[in-house]
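Shown here is one chain on its own, the form predicted alone, set out as structure tokens.
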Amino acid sequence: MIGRYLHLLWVQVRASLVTAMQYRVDFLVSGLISVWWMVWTLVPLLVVYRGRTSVASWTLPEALLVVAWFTMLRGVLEGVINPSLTEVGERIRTGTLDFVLVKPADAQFLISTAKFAPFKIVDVMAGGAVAGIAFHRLGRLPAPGDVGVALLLFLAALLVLYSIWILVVCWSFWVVRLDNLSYLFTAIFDAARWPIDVFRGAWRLIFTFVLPLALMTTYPARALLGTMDARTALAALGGSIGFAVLARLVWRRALSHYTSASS
């Protein structure tokens, strides 16, 4: 069963690669745009740290690690998650979701892997480069164990990000358009470029427990720095699994309300 779905995933990825390479100039331009956004992401951080040694107990190299994870996460969001899930609302409105439901595979898997934007790999590479610069300025390398914990937390962050988008998509079964909601989430997600300690009061609670931006970028950065305690890491991993279970249950509930074009 797992092998079958891995094969389906490879078919979808290969189709996206072939499509992207048919328009090579667009592929290169999109990659350059990704680099530009990476540079623009760093500008506010450099402005804030101008003349300061630390902000909310985070030095500039440490804050760069948060930006690095944010950049990589944004690359996955815009390259893997968004291209497929943003089309679900249109499929529901036009009834073409029927073509997905009649296929002998899980509908959530199929709509989640329908389309990819391969050039967004530039964002992931740029995030890795920023992390390298950060550790160069710190004058050390992360411990292997810390790297392992950071990667686990990054996978948990991806799971939460994907689950939130599934929850947003599920509203398409009841609401005609979700453009404003998706734009709102994207705008809120931009706050993940800052360490969670920058926020105070209600905003810190919201970005930790409701929309867990802390899990997405700050926690992996802390893990690389070796300052992440085991209890918080385990709680973050458990919370990501909880988000995934919730998203799956809501998806199945929403799908049961779908009225196909043939009905």
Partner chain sequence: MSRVGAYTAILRIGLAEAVAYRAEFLVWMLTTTMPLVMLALWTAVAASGGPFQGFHQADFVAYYLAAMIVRTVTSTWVVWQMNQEIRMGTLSLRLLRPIHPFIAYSAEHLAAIPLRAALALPVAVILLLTAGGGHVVQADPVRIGALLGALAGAWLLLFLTMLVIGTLGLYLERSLAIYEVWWGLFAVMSGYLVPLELMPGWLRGASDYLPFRSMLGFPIELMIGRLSRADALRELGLQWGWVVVLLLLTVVAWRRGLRRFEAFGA
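As the structure is a computational prediction, the values presented were derived from the model and not from experiment. Residue numbers count along the first chain shown, from 1.
The next section is about a form of this same protein that is not shown, the form predicted in complex with its partner chain.
Although the partner is absent from the chain shown here, 55, 187 and 194 each have a heavy atom within 4.5 Å of its partner chain in the model of the complex. Site annotation in the model of the complex: the residue of 48, 206, 235, 35 reaching within 4.5 Å of its partner chain with a heavy atom is 48. Its partner chain is not shown here, but in the model of the complex it comes within 4.5 Å of a heavy atom of residue 198. For the chain shown alone, residue 183 is a contact residue for its partner chain in the model of the complex, at least one non-hydrogen atom being within 4.5 angstroms. When contacts are judged by a 4.5 Å heavy atom cut-off, residue 61 does not count as touching its partner chain in the model of the complex.
The closest heavy atom approach of residue 44 to its partner chain in the model of the complex falls within 4.5 Å.
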